[in-house]
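Quick setup: one chain, the form predicted alone, written in C-alpha cells, and binding and motion questions come after.
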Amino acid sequence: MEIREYQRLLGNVRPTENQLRWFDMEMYAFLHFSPNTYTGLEWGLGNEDPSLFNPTELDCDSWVAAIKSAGLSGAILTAKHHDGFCLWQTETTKHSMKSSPYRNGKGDVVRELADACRRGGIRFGFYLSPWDRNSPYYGTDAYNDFFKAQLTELLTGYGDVFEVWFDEANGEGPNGKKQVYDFDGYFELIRKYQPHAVIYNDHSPDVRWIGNEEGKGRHAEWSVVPYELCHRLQPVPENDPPVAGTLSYIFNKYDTIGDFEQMIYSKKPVFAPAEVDTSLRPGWFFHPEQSPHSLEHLQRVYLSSVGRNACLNLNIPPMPNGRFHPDDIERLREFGEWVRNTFSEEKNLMRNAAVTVEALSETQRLYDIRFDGPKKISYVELCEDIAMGQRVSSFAFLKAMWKGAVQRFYDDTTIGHKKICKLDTETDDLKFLITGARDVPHIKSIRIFGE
C-alpha cells in the first residue's frame, strides 16, 4: 500500500454512534465510594466488616446538583472496588449492602444514584472491578461466571447506562494463580443488555486510558490508534501494513501511539478515543486530611483533556456520611462557572466576524477571520467533524501586522473532537492555517473567545 493511500485510510477511520454520543458529553463524574471511605485505604483488603459502610446522610440528589454545577453531564459509581464490597442488592455475595446497617440491610446506593441521575437529567454509568479480594472464586475458573452474574445484575436492573468502566488490576487468587479475565465475555454482555454504552478498558475498542491519572492529555492526541493497542487478547488481522514492522511494544502511556510513524506498522487502525481520569482531591477515596485541588489546577486539567480531544472523568469522593465535602461542592461550582463564563457564546467573537476559506491544496486550508476592529483573543476552540474521521495533523495561527506583514505565532498538531488553543493575542485579522491533514479536512466549528 502506498504511503499516501495509507494516510487517507487513517483519515477515514470513523467513530461509532456510541463514541460520538460519548464525545459530546465531554465531562462527567467518577464517584469512588466503598469501605475504603471508612478505612482510609485506597485499595481495600477484602476482609473489611460490611457494617463499616453506613452513609447515614446519603443524598444522591445533592451529588447530582453538585455534579451539574460543574458542567458535568454524567456520573460513574464504583459499584464494586477491589475489596469486593457491592453497593447494590446483589444475589452473588453477602459482602454487600445486604450486610450493611444502612437502611437495615435494604440499601442500594447504585439504585439511589441511578434514580437521582434520571431526576437530575444526567447520565448514569458504573465501575465494576474485575479484581475481587473478597470472593472465594477469585483465581479459579468459576470466577468469570461469578463476575458475569454481577455484571448482568447491574446491566439489567438500573436503567440506561452510558459507560461501563473496568480497570486492569489483577491480584493473586487463593490458589496462587492470577485470574484470567474473560473480557470478551464481559463485553458481549454489555453489547447485549446496554447496546448504547461505551466500554472503558485497555482491551476495549470504545474508550481507552490516557496513560496517566494526573489529568494530562497528549499534546497530539489521535483518536485513531493501532489495533494492537486496544485488542491485546485477540489475534492481529493479517492485512499488510505499508511497511513491515512490529508494535508488540506499544502501550497507552506512550506519547506517539497515534502518530503516522507508529501507525504505518499497525495491521489495522481503529477509532478508540481517550478518557482523562483524574481526581478532584489527591486521592481517589475521601481522606479528611486532604483538600480539593485549586481552581487553577482544574482549569489546566480541562484545557489538557476536553481541550485536547479527550473526555474528562473527574472523580469526586463522597465523605463517610454519604455527602460531598462543602469545599468540594464550592470548587465544583467555581470550575463550572469558569467554563461557562470563559467559553460562553456571548464572548464568541466569530458572531460578528467575516470569514473566507481558501483551499491551498487537497489537505491544506486557509481561514481568514476578520473582525470589525482589534480584538483581544484569549482562546480559540476548533472542532473537526469527526463523524467523517479525524484528519488534521498540523495547523498554525497567523495575524496581520502593520504594512501588510503577517506573523505566524502559534503552531500545533491535532484537533479531533475539540482543540482549545490559548493564544493571548490582539488582532483585527486572524488567520487559521491547516498545514497538513490525512485527507480533506472537515472543520465543524470555530469559536474565538475574547475578554
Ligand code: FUL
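Predicted, not measured: the structure shown is a model, and the values here were computed from it. Residue numbers here begin at 1 and follow the sequence given.
There is also a form predicted together with beta-L-fucopyranose (FUL); it is not shown, and the following applies to it.
- Here the chain stands alone, but in the predicted bound form its contact with beta-L-fucopyranose (FUL), taken as any heavy atom within 4.5 Å, falls in 24 to 32 among 400 to 408, 56 to 64, 418 to 426, 24 to 32.
- Asp277 is the sole member of Asp328, Glu228, Asp83, Asp277 with a non-hydrogen atom lying within 4.5 angstroms of beta-L-fucopyranose (FUL) in the predicted bound form.
- Between beta-L-fucopyranose (FUL) and the residues Ala169, Leu360, Val355, Ala142, the one pair within 4.5 Å by heavy atoms in the predicted bound form involves Ala169.
- By the criterion of a heavy atom within 4.5 Å, Tyr38 is excluded from the residues contacting beta-L-fucopyranose (FUL) in the predicted bound form.
- Using a 4.5 angstroms threshold between heavy atoms, Glu213 counts as touching beta-L-fucopyranose (FUL) in the predicted bound form.
- Looking at Asp49, you'd find every heavy atom of it more than 4.5 angstroms from beta-L-fucopyranose (FUL) in the predicted bound form.
- Mapping the unseen interface onto this chain, Tyr186 falls outside it, with no heavy atom inside 4.5 Å of beta-L-fucopyranose (FUL) in the predicted bound form.
- The single residue of 104 to 129 lying near beta-L-fucopyranose (FUL) in the predicted bound form is Tyr127, the criterion being any heavy atom within 4.5 Å.
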